[in-house]
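Next up is one chain by itself, shown in structure tokens, the form predicted on its own.
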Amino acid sequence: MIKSLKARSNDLSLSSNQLEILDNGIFKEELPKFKNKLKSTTQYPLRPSQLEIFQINVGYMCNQVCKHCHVDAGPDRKEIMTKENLQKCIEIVKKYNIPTIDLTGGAPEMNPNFRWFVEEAIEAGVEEIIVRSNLTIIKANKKYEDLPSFFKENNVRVVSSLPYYQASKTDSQRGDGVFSKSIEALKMLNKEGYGVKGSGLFLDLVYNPAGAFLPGDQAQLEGEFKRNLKSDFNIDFNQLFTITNLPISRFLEYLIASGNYEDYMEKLVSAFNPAAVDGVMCKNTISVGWDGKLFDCDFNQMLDLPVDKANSNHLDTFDLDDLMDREIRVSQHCYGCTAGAGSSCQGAVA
């Protein structure tokens, strides 16, 4: 079984092939379809509740090449959102009073219009701007070293990836030297007031498991991170978000190559939690691709599963009433967001 999947994994950059593996992989026992699991709850068909977050992937270019990256981001990626599409995002957010913009990548800071966009979004009245930073971008080049002060000036909420509070696990997942650069960046953010009690500047960390297992208890891990980062490096932060690795892109490649694919999928299915369904991010979020296409979530974006509304699936044809009447598209990867305590870009949901 694994041998046949490995043979098909040579072209995992193709989203259709990933979906084939997810939906038609050969298991010891056939895994139930996620849609059928939903039918056993009160949440079928899955529909949006309200639009609170406009999550924009401004490009796949990144200064890192992380093993678990579901975006397959890296320095060689050329997909970058244009200023024209960024302007369309601002117009939509302003028109519909969407309170939160969530900027992702790649490294979103590498989009050449990143700073312009943040300032324009604030001018448009956006209540909160989230930037999902890999931290090392701050130390990657001198032109990025003032990012902490730029974030402060614009009251940006910084959500930063840090797989662990020790170098060995972090570097094994994200590359040699990443941990030390991340610590330096965190200290720079703390110096500006980020993560410091009473400053009003929020610094959150994101934990992704380093292997084929679910994240531990979010509250317990947050306590461990806070104690160790404070004692070892005098670093403060606000919250820790635990996020389940979904079997997409590089993490799917890893699962197949390591022989963990079948066990991991079975683990996700057996951990399905109906209570987590109500908090999945696709219910209050629209994900915008670098090219302006609209998706239910960032993971569907990577699998090229646009929203199920042919007349409202791009920035050019954005219609909120039409989008709020849609059925959210699901597939086997959705087990990752509903396993255990659940998982979203804001961490555990149940």
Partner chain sequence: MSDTYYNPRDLKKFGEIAEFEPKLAEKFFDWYGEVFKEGALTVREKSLIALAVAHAIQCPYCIDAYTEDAMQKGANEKMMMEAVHVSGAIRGGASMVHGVQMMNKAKKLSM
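Residue numbers count along the first chain shown, from 1. Only a predicted model underlies this, so the values are computations on that prediction, with no experimental measurement involved.
Below, we refer to the form predicted in complex with the partner chain, which is not included among the displayed structures.
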| query | finding |
| --- | --- |
| Site check E30, Q220 and E224: each within 4.5 Å of the partner chain in the predicted bound form by heavy atom | yes |
| Per-stretch contact check against the partner chain in the predicted bound form, the hit in 258 to 266, 112 to 120, 183 to 191, 88 to 96 (non-hydrogen atom, 4.5 angstroms) | 258 to 266 |
| The partner chain: the contacting residue among K83, K152, R77, K169 in the predicted bound form [heavy atom, 4.5 Å] | K169 |
| Among the candidates F241, F237, Y165, F272, the residue which, in the predicted bound form, approaches the partner chain to within 4.5 Å (heavy atoms) | Y165 |
| is_contact(L214, the partner chain) in the predicted bound form, heavy atom dist at most 4.5 Å | yes |
| Touches the partner chain in the predicted bound form: F179 (any heavy atom, 4.5 Å) | no |
| Distance check, Y207 to the partner chain in the predicted bound form, heavy atom within 4.5 Å | yes |
